[in-house]
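What follows is one chain in structure tokens, specifically the form predicted on its own.
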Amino acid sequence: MTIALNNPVKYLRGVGPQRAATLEERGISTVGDLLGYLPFRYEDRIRFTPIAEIVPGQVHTILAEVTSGGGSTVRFRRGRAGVFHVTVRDDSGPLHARFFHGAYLEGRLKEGQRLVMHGKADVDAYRPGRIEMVNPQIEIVSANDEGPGDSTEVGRIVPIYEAIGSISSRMLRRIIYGILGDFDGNVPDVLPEEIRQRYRFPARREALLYTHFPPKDESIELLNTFRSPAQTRLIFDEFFYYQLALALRRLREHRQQGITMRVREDKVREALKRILPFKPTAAQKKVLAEIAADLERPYPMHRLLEGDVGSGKTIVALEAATIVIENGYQVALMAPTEILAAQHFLSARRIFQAAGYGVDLIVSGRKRAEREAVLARVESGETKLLVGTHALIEDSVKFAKLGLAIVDEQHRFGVLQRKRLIDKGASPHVLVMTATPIPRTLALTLYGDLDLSVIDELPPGRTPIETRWASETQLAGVWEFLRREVASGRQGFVLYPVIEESKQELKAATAEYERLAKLVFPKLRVGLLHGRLKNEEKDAVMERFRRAEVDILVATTVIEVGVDVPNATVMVIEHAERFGLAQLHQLRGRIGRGKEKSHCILVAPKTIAGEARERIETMVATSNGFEIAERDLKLRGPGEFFGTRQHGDAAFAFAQPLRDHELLEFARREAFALAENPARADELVARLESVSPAWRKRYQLAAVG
């Protein structure tokens, strides 16, 4: 029986109802879906490394047999979650392997089984002279009574798949190999022929078959860097259709009737001069010019404004708001936390005071009478700028004439939340802001239908923040330094990762607040701020800190965004190794906002290794947010860059924006060029939807609206 792309997986040999249900949970219900599940790595199992030729410090793939000879046996110790030891042997000699948390291997590895082991070999730290592998990837090829392994496992370049639930890489490989043996070969190729020829891409059918089971003569290095012609074609496909969705959405938005603002009138220019508290930087001027040009166009602006912490995004947003207000419209500014919303409200009220614009704040904790008064002023048009949290998108909030929606720290909001804000006006202009610098490659992927503006310089007078790494044993000196800074009239933060003591043996903000206030700084005024305080308590603490009525503020990451106290010059972060890189940079951005030199002290053990050490060293080496964002992406990957995956975020099956940035640029250029020809674009979309009905949903994107 021949197998076609639309055949259900549950009828395939080796699948059955239970495995079909597991695959369904991963979105794999048809043969076409399964063939789209591609290997993430390849192993050369044509030429295995003999054990005697293993070089310590290098990665090797070996074919060996589990042995109990020489008194060495498969053994398990230190409880169920302990360390599993096994010795394997080939014709050239033995090799020891150790598996942490290896309880799952007990009873599975038996004498005589043949294994493929892939991993880094090193000298055993406890037995010098003995080579071992720690936590290698293993695959049981056969046991003595099972005969040789099948042709998917040895004697070829072997694809390695990410396991799906209980379905191992080996099982996936066998199922896919079985499909290809009976496959009818019908794989529609939607990509336009001229694009295929321009980049010399193979047909999609050949690309799929080749990527699953490459020939023996293919370069293993090329495959594992995802640069074989077949892999390149499949990566390009993902980017191209995603960018086509972006391009079509952008064209649709440009056909919308927007609000054309008058920017060049004298009254607008005078209003902008009145609100500027300082001379703008060249970057701020450039960005404002880009925004002003958008506001003059007959379709709605959709622009992403990004810049490092303290780069002056807020004043640019308020300048944009001024243009809109002077044209007779209202502005909404939505922030993710009440602290940040209150900060924006106070800044806007101070800056707009001279212009006489009505500024209001709406958050969930306000008293009913106050709230109703604000809602009435907004509906009447008296309020020109309404600042708020998620409370802004509630049904009770009705604008008289909304002309601009500003979303701050936009990655903290879902797509639908942003859309609800935009729907409160008739096609208002949209400006979204982030203080998390997004490298261009990722911005093109996640927000490719938005125009991008970047503020890449800090306002004049800002001094660089000095960052250093201290250990727990150096804390006495750290506290003495903080004491001297306070004696000089300045203030500081001390941060902890948790509010209350936990089993993780981390210092907690509440307990450390008590200790610091009583024992370390008994003569100073110490405050406490964390997320479990009531809103009015948080506001009161922050207001006292702003007024310099608190010398040292002990806090959690609740201060990550929105706290602007120019007099604060010291940031001490305990357990700094427990924080993410972008988060550390955001926290550090709470200081260095005045003219005095600021200091960030990261307290972490000097013995830490791996990614934790890289994060601390990166923070010490640079304060450039864009460099830090690039490093953070390399450490965590795009999917985890913002801490959470939102509905609609770009989650590609095979392509990776950072690794494949050149292909992304090519695909974007081709997709946007094709979208300019409506007839061709409609024809391509029709063909694509006939082949893949879920195309629009699959290539939905994280975007405003």
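A residue's number is simply how far along the shown sequence it sits, counting from 1. The shown structure was predicted, so the numbers you read here are calculated from the model rather than taken from an experiment.
Quick note: we don't show the form predicted in complex with a small molecule, though the next part is all about it.
Asker: Of the listed stretches (526 to 534, 280 to 288, 215 to 223, 465 to 473), which one has a non-hydrogen atom within 4.5 Å of the small molecule in the predicted complex?
Answerer: Looking at the other structure, the answer is 280 to 288.
Asker: Could you tell me which one of 384, 313, 538, 233 places a heavy atom within 4.5 Å of the small molecule in the predicted complex?
Answerer: Among 384, 313, 538, 233, a heavy atom within 4.5 Å of the small molecule in the predicted complex occurs only for 313.
Asker: Quick check on this chain: which one of 308, 237, 139, 577 has a heavy atom within 4.5 Å of the small molecule in the predicted complex?
Answerer: Comparing distances to the small molecule in the predicted complex, the residue within 4.5 Å is 308.
Asker: State yes or no: in the predicted complex, is some non-hydrogen atom of residue 459 no more than 4.5 angstroms from a non-hydrogen atom of the small molecule?
Answerer: Result yes; residue 459 sits at the interface with the small molecule in the predicted complex.
Asker: Is residue 564 a contact residue for the small molecule in the predicted complex, using a 4.5 Å heavy atom cut-off?
Answerer: Close contact exists here: in the predicted complex, residue 564 approaches the small molecule to within 4.5 Å, heavy atoms only.
Asker: Contact between residue 599 and the small molecule in the predicted complex at 4.5 Å, heavy atoms?
Answerer: Output for residue 599 is no: heavy atoms all beyond 4.5 Å of the small molecule.
Asker: Report whether the minimum heavy atom distance between residue 593 and the small molecule in the predicted complex is within 4.5 Å.
Answerer: Within the cut-off, so yes.
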